[in-house]
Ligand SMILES: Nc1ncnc2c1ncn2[C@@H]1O[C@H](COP(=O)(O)OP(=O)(O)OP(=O)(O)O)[C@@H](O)[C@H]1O
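One chain is shown next in structure tokens, namely the form predicted alone.
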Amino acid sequence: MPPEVEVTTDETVLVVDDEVNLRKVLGTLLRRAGYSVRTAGDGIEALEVLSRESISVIVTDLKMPRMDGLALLKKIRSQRPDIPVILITAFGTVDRAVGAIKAGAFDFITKPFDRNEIKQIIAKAAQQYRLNQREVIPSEEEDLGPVDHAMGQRFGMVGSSPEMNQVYSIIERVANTPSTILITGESGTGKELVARALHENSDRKNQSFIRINCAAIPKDLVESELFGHERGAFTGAVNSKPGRFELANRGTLFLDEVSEIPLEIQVKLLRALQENQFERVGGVRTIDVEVRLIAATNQDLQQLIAEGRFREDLFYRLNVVPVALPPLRNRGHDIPAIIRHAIVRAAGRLGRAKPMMEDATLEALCQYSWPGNIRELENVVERMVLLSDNTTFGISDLPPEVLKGIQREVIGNDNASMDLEPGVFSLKEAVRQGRERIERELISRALEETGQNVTRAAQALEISRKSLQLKMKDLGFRDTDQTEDS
């Protein structure tokens, strides 16, 4: 076998174990897999490393002197919940695994471990860390400040638009039920926030919340991840291991990106949901579980059914209570509050003073379509907080791609390619002109569809007759006295 070639990545793994030899073995394995590696002899030493270094994943033994792995896990969950923690134990029972997962562990590995298995688990954990840096998931202990309490924040989400109030209403109605939930919405709209809200507001809140990103798992390992495997079931299965269904027993299982589950595994998933039982890969013993399932997807499952890529019977089993999350572009009323909330969070996390934002800049951001939704908004705000030295954000502080996106929205596609220099073109003026153009178009359409009836047009536009007449006058429509009601 040719020697493994060392490569480099941006991830740093902290290996915590009181056995020097195990630290060396794991360190060598992970360096060859491309990771930077730091080591610690126990939990207290690990916290010291964490305080001075940027760590992406922590792999820790369970039994150690001074501070064991479980105590370390709880400490990290309270201080840095974005860092995935993987526990290594020689006592790999289901009870210990459930205890670790309930305490917030990303996964667990039993000794002796297979090196391919541990590399796969760490790769998934590193991917989860990258996702965590973009997610909008405030910790339970985070003080969001009074500004956030005035923003319509509920269930860890910000917004008081009719679309979000409908989502809140569904959470309140179904959280404390065993019903299966299907959350749909574009990437970055906050599907995991809804799943966690459903769990935390149910009678299962003290039980496990197990999340699995189906898109992040190699297709040949999905069945093992969901249902577990017995020793020797396949190459690399050196120990028996429970799957996510077992770990979520009496709790909640969240299947993110459920559309990515291979068609052949969907049959077994359907049976597990219908009968609350399954067998591990390579096993013959039937395992009974009681799990509340929440699934999420950014795909059109009906379209996938038509294409033969998703089972129709599974869709109906999942779609008991649908929750559709609106894209951010349809939540214009919420955008200012979400931006202010994002500024508070970014400034606090980065140790910066909280900047203000000019009204024109805020209004310009409200014109942007936000194709990446809340995740994109969070990233944009964090970049502004990190890179700008201004105490008040102006138009010039916006990232170039956002500026161009706003120009396309407010100027129109014909002029979208214009490369406008700051100061030469007033984006505030462009926003005003764009708004007037949209208002003029809507009023023209309403008058045309109502036969120039101002009263009915005002009703269609959901404004008063007097407001419509003033708008018409400001926008240069013909004299309102000549536009009579019929």
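Owing to the predicted nature of the structure, the values given are computational and were not obtained by experimental measurement. One rule holds for the numbers: they count along the sequence shown, beginning at 1.
FYI, the form predicted in complex with the ligand isn't displayed, but the following is about it.
Heavy atom within 4.5 Å of the ligand in the predicted bound form - the one residue of 189, 361, 252, 367 that qualifies:
That would be 189.
Out of 298, 127, 240, 266, which one falls within 4.5 Å of the ligand in the predicted bound form, going by heavy atoms?
In short, 298.
Spell it out for me: taking the ligand in the predicted bound form, does every residue among 107, 226 and 280 have a heavy atom no farther than 4.5 Å from it?
Spot residues vs the ligand: no contact at all.
Per-stretch contact check against the ligand in the predicted bound form, the hit in 75-83, 284-292, 156-164, 200-208 (non-hydrogen atom, 4.5 angstroms):
Residues of 156-164 come within 4.5 Å of the partner.
Looking at the partner-bound form in the predicted bound form, is residue 331 within 4.5 Å of the ligand by any heavy atom?
Because a heavy atom of residue 331 falls inside 4.5 Å of the ligand in the predicted bound form, the answer is yes.
Flag residue 246 as yes or no: does it have a non-hydrogen atom within 4.5 angstroms of any non-hydrogen atom of the ligand in the predicted bound form?
Taking the distances in the predicted bound form, the answer for residue 246 is no, it never comes within 4.5 Å of the ligand.
So in the predicted bound form, is the ligand close enough to residue 374 to count as touching (4.5 Å, heavy atoms)?
Flag for residue 374 set to yes.
Taking the shortest heavy atom distance, is residue 193 within 4.5 Å of the ligand in the predicted bound form?
Result yes; residue 193 sits at the interface with the ligand in the predicted bound form.
Within 4.5 Å of the ligand in the predicted bound form: residues from 332-347 (heavy atom criterion):
Those in contact are 341, 345.
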